[in-house]
Every structure is written in structure tokens, then in C-alpha cells.
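Only one chain is given next, in C-alpha cells, and it is the form predicted alone.
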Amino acid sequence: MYEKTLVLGLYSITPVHAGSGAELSVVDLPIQRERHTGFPTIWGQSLKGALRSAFEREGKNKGVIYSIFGPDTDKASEHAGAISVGDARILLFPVRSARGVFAYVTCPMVLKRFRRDMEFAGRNDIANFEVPSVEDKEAVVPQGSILTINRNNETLVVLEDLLLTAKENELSQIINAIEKIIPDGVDDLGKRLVVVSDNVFTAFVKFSTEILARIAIDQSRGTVKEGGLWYEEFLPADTLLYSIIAISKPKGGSLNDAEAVKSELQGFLESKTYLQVGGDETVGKGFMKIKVL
């Protein structure tokens, strides 16, 4: 039975490749996605592995690590860890804008799920906001948005090659809720936030990720190795995700109760500004700014 929870905000400052394995499609190495929505995600097991790796790199006490994450793999049957790390769910997705460079895009479905998850985590102070309705050809923006364009007496937002009718609405409750989990230093949410329909958001997160060609060179010939060309998908920089970490009483290790586990984990994450998640860490990918509460 879980006794405590933490909410972890993750903001990508470089492209992130949390891979789902090889596929026989245009993209050889796609990112992880939810099966039923197609939204990008970072599976809980991948995030838990990144957290454990960060603990181990810092040289943390083995007893503490075993309490929080469980024993090493060869002793995994001895007891389970005290935390359950939820999948990191998308909240804001960056999309190129004709004005203001880029927008933080979200949709009613994502906002409702965020509100529900915060209620589950016991954070009613975050879950206290109304979700606006929006049609497929509309974009709901807050007053003072830097993304709008006036043309022929109509106010528009142009995202990628899509023209949407801008509809000003009061979004301060949503902005305040998101700002509670967004890491420090990201201070322009109120100017860039756009709420689009669920259908439009789905199209953006499916077709506006970054696809990079990677090659492996045969050094003796100076040419590409046979089979050494592949395409890899990345979640773009400036994406915001969140995860809920549920905490129970430890079944082993040196910590005695759920409060001690929460204190140890929260203290460590508060001392860390960044976390590296996913593959390609040697080519500068996977850096995420974090905030825990």
C-alpha cells in the first residue's frame, strides 16, 4: 500500500530519445508512445532506471538505494523497492510558430488527465483549474500572447503550416497549475501557451517530433558501413512531462518507513538540477531539467 507521493516535472533542454526498440518502418528507432493515444511518453521503468543510475553515480549508500529501488538485479528476488515510478506523461509540446518562434501546445484531454493525476497524488492545490473547450480550427490563447497575427480583421495563430483562429480566454488557473511543476528558469509559459483541440494536438505529437539520420563510418574505407544508416526519433527540446512517484514502506535496505524514503528521494532530486534520460547520452541527448514537489 502506497503511503506517500511525489510529483516530478521534467523539462527537456536537449532532444530526448527514450526508445521503444527497433521497428520496420520509416523510423528505425522510434520513441516510446502510449498505445491508445499515440502520445509520447517515457515509461516508468526507463525513468526509474535513470533515477537509480543518478543515485549510484553520486555514490549513495547501498542500503538507501536498496530501500528505494530494490536490490541489484542478481538479488532482485530478495525484496521489492519502495517506490513505484509512473510513466512520464506529456503536458506541453513545443511547436514552431510563425510569430514568437515557438508555442507550448496542449489540449483538453491532456489537461483533464493532468488534473486527474494531481488529484490522485493528493495535490488538489494544483488540480484546481477549469479546462476550456476548443474546436479543431481554433487555438485558445491567454491575453498578452506573443503568438497571434492579425490578418483581414481576423486574429490567427500559425503553428507549423496550420492556420488557427485565435480565441482569447482566461487561462491563468491553468498557467498557475503548470508553473508549479515546471522547473525554475522556464518563465515564458504565459506568453507561449496555446490550447488546441485533441485532434490537432495528436497530429502535432505524431508528426512534429525530430527525426535524425545517423550513420556509422567504416574507418578503413571512409564510407558508410553496410547497414550503418538509420533514422532515430527524438522528443524535441522544450517539452514538458510529469510523473507521479508512489512510495510505500521499505521491505529491505537501511530505511525504515515511507517518510524516510520520501525525504531521501526528494532531498536528492532537489539537489539535482538535471537528469539524463534515455539513449545517446554520449552525443549530448537526454538532458532534462527537473522539479520535484
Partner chain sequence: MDIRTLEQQRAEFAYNKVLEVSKKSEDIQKKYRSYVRSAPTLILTNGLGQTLAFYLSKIGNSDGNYEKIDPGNLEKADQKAHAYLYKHIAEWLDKKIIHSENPIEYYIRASSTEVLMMTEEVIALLKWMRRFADAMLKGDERGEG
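Residue numbers count along the first chain shown, from 1. Bear in mind the structure is a predicted one, so any value in this text is a computation, not a measurement.
Another form, the form predicted in complex with the partner chain, is not on view; read the next lines as being about it.
Asks: Could you tell me which of 120-128, 179-187, 155-163, 79-87 sits within 4.5 Å of the partner chain in the predicted complex, going by non-hydrogen atoms?
Replies: Selected stretch: 155-163.
Asks: Even though the partner chain is not shown here, does residue 98 get within 4.5 Å of it in the predicted complex, heavy atoms only?
Replies: Taking the distances in the predicted complex, the answer for residue 98 is no, it never comes within 4.5 Å of the partner chain.
Asks: Is the gap between residue 231 and the partner chain in the predicted complex 4.5 Å or less for some heavy atom pair?
Replies: Residue 231 belongs to the contact set for the partner chain.
Asks: Could you tell me if residue 226 has a non-hydrogen atom within 4.5 Å of the partner chain in the predicted complex?
Replies: So residue 226 counts as contacting the partner chain.
Asks: Would residue 116 sit within 4.5 Å of the partner chain in the predicted complex, counting heavy atoms only?
Replies: Judged by the heavy-atom cut-off of 4.5 Å, residue 116 is well away from the partner chain in the predicted complex.
Asks: Under a 4.5 angstroms heavy atom criterion, identify the one residue in 191, 206, 167, 112 near the partner chain in the predicted complex.
Replies: The option sitting close enough to the partner is 206.
Asks: Quick one: which residues from 104-133 get a non-hydrogen atom within 4.5 Å of the partner chain in the predicted complex?
Replies: Residues within 4.5 Å: none.
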